[in-house]
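Listed next as structure tokens is one chain, alone, in the form predicted alone.
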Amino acid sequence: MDDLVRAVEATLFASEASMSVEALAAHLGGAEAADVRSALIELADHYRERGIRLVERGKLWHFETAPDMAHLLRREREQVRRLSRAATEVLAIIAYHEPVSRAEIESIRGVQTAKGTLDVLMEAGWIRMAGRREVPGRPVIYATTTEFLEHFGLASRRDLPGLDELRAAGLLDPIDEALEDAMHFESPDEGDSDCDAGAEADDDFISDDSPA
């Protein structure tokens, strides 16, 4: 490995947070971004079959435990956290059509969305407020986070499965209609709704267990 590759490796190993190519280049005294990216690709290939891997999530790079080794580092018991059907639908809509306002989410689902549903997804770290739509009322718009990509093992939103893949895997139910609408939805130019509906009963499950 040349000096730049070793420097990138050392910087990421010591970093407390994921870093972008630009942040790495600046930290390394103004190295060329193209050279840093080449170094990252070389390192990712070097670590591909090792116990830790270098991965990119949402344009940020970090080391993580190889998925097949994660069980060795897991000390606490796996916990299953309940996610309501409403929250599952909302998460799917945001993931496939971000950034999106609550009014747009409600237009797709055909029902009002309780603020608590969005709060649950924000507390999980999977969605965030991404600004405001420049329309009357300036409604808040929501987008997914790097934590969302990490939890589901995605490098970017481009890796989200299509409808055919979800059907083949038997994972489409019970959010078939919401997903299909989300992937063909065109944003309405309307303000955000101020009306909350009661939270729906929890009936879907997700595992709170992701690779260390």
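Numbering starts at 1 and follows the sequence shown. Keep in mind the model is a prediction, meaning the values are calculated, not measured.
The same protein also has a form predicted together with a further copy of the same chain, omitted here; what follows describes it.
In the predicted complex, no heavy atom of Ser20 sits within 4.5 Å of a further copy of the same chain. Although the partner is absent from this view, Leu43 contacts a further copy of the same chain in the predicted complex, with a non-hydrogen atom inside 4.5 angstroms.
Among residues of the shown chain, Arg37 is not one whose heavy atoms approach a further copy of the same chain to within 4.5 Å in the predicted complex. Shown alone here, Ala31 lies farther than 4.5 Å from a further copy of the same chain in the predicted complex, counting heavy atoms only. Using a 4.5 Å cut-off on any heavy atom, the residues of 38-67 that reach a further copy of the same chain in the predicted complex are, in sequence order, Leu43, His46, Tyr47, Glu49, Arg50, Gly51, Ile52, Phe63, Glu64, Thr65, Ala66.
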